[in-house]
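Here you get one chain, nothing else, as structure tokens; it is the form predicted on its own.
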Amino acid sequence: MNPMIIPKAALDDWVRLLRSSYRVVAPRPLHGQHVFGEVGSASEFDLGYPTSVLPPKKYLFPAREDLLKFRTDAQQVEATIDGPRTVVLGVHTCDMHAMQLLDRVMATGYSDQHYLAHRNKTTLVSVECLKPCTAGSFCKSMGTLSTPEVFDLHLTDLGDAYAAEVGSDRGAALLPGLKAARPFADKDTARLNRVMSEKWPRFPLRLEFDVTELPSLLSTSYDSELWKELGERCLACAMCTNVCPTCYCFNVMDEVDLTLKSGKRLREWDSCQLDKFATVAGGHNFRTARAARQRHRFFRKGKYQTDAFGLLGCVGCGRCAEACLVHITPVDTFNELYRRQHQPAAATPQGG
């Protein structure tokens, strides 16, 4: 399907049209920040938002989710997989790269049926980022400034309208019925080219090396003193992983009713940065030191995911940098590791 033009004046009609078949969620302003939530009209959301507190992955991998229900008196177990068909409007390109990684992770080996069920019911409408989201974002350095091919519909702001590129049949299904939408004209192509050419200089490269060097940099930095320095600062509050779009660790628990005859099994987000996360049978904790947990976190983002799935686990969204109370950031950490390897005499502790 050829690209289309959606006038901004028609967004309200589009949302009403979509709501006849889908739950529609988008970035909504809240207390000076933005959160993804259900919307009923175009006036409730902002597609030019800086970033959201939590990533839109929460619609594919909810923070708390029922997995199955059971009855002990009848020995019955039934998987709980539900949820409405959903359109997620306004997904930034970095979050689309995160979705691409999660798609690969959740479908590899023992596939996650709950994630895949949500994914099959979700249509992703991404939006082109035309300026840096926050001071902490570094998407250009991580190669996530353009949307990957997992989008269903991709929007680019042209001023009074959006250019809409269709990426899938699900994306194409969002446009029929919107009378104001029209095919691209030559003038629209010229406008789109101008917008895209003006975009790139606005984004700085914040890493002091090419991101393709990151896995090998980490490999040779396993015993770096920097991990100890970070561990001494870390509060083990897990804010970094709670806001990360690519973290998917979870805890599983059972809840039984008062009669002990029925209950449910559920999962909720967990974090490798918490003190008790790595505690196993017998009370042994194989990652007690916060330095070891910080090292694990950064290795997972910059090396382990690449080794396992071919994609970096960090997409440069900058949420963890904004959330960290002691200012531990990926950019500072990776750059400091690089400096200590290439300029050991000039190295200083991070934050010094």
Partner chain sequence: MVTALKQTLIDPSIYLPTYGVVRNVRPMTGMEKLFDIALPEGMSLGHKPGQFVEVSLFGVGEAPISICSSPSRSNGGFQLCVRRAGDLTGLLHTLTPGSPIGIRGPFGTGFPIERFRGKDMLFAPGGLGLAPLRSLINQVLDERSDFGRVIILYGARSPAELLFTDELAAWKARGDVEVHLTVDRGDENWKGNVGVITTLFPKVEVHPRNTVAVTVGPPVMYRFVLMELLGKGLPDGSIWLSLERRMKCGVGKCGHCQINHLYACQSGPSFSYAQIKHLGEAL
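Every value quoted in this text rests on a predicted model; they were computed, and no experiment measured them. Numbering follows the first chain given and starts at 1.
Only in words, not in the display: the form predicted together with the partner chain, which the text now covers.
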Checklist entry - Just one stretch in 85-93, 72-80, 186-194, 133-141 has heavy atoms within 4.5 Å of the partner chain in the predicted bound form, so which one is it? => result 72-80
Next on the checklist: Residues L47, K57 and W200 are flagged as a possible site; in the predicted bound form, is every one of them within 4.5 Å of the partner chain by some non-hydrogen atom?
Outcome noted: no
Next on the checklist: Please determine whether M106 contacts the partner chain in the predicted bound form, using a 4.5 Å cut-off between heavy atoms.
Outcome noted: yes
Checklist entry - Applying a 4.5 Å heavy atom distance criterion, does S224 contact the partner chain in the predicted bound form? => result no
Next on the checklist: Is L311 part of the interface with the partner chain in the predicted bound form - any heavy atom within 4.5 Å?
Outcome noted: no
Checklist entry - Even though the partner chain is not shown here, does E213 get within 4.5 Å of it in the predicted bound form, heavy atoms only? => result no
Item to check | in the predicted bound form: members of 230-249 within 4.5 Å of the partner chain, any heavy atom | outcome: Y248, C249
